[in-house]
Ligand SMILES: C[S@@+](CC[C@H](N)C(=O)[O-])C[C@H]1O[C@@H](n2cnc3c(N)ncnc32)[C@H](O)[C@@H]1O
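Presented as structure tokens, the chain that follows is alone, the form predicted on its own.
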Amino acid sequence: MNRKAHWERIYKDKLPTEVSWYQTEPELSLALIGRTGVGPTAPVIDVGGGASVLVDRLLAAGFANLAVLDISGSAIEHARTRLGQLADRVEWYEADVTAFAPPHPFQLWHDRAVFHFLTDKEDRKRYVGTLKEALVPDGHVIIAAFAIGGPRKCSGLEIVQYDAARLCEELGGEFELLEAHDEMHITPGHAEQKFSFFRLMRKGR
């Protein structure tokens, strides 16, 4: 499967408000970001951020060093159009996270609903490699994925469900789990999707 072609088709066939993972307000993500204690000048990257409104909310909260990474240029264009001139205050990267070369270090890595699509073990290893290359020592990680007992597929693709033990095994010993929360996401079609959110910190070197 060509991952990029798949996601470009999704965002060309549907509005951002019609995809199953759309949130009007990313409340849990914002709460977890707040609990990291990172300041408004901290470099933050939203992985798979695409058309998500998280970047809008972070800009409104005064964050000044934001980056959004997404495999779909169409998703990014939706966000840029929505933000208008504010889009110029964000770094936009159109790339597959498993092949992304971080341009500079980040203090916070946020990923809602990318990691669970990586069903191939080697892709997961490449994702973790990118994460380690991007994140500073003592940096923060927030990953949200379909929970155990949640959906088995999304957008026609197989996924991997996660609990804390499974996620920590994938990320390895450099990361310390600080908290985990379940969230029942209600899709635009009014279906329930069980997510788990994990906040971790990279251990200092």
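Just count from 1 along the sequence shown to find any residue number. In this text the structure is predicted, and so the values were computed from the model without any measurement.
Missing here is the form predicted together with the ligand; even so, the following discussion is about that form.
K.L.:
Since the chain is shown here on its own, which stretch among 170-178, 41-49, 133-141, 55-63 would lie within 4.5 Å of the ligand in the predicted bound form, judged by heavy atoms?
P.N.:
Contact criterion met by 41-49 only.
K.L.:
Though the ligand is not shown, can you say which of 164, 30, 154, 160 has a heavy atom within 4.5 Å of it in the predicted bound form?
P.N.:
Partner contact (heavy atom, 4.5 Å) among the options: 154.
K.L.:
Would you mind picking the one in 79, 90, 108, 113 that has a heavy atom within 4.5 Å of the ligand in the predicted bound form?
P.N.:
Answer to the contact question: 113.
K.L.:
Quick one: does residue 198 come within 4.5 Å of the ligand in the predicted bound form, counting heavy atoms only?
P.N.:
Close contact is absent here: in the predicted bound form, residue 198 is far from the ligand, nothing within 4.5 Å, heavy atoms only.
K.L.:
Taking the ligand as it sits in the predicted bound form, is residue 86 near enough to touch it, meaning that at least one heavy atom pair lies within 4.5 angstroms?
P.N.:
No, residue 86 sits far enough from the ligand in the predicted bound form that none of its heavy atoms falls within 4.5 Å.
K.L.:
Even though the ligand is not shown here, does residue 128 get within 4.5 Å of it in the predicted bound form, heavy atoms only?
P.N.:
Although the ligand is absent here, residue 128 would stay clear of it in the predicted bound form, with no heavy atoms inside 4.5 Å.
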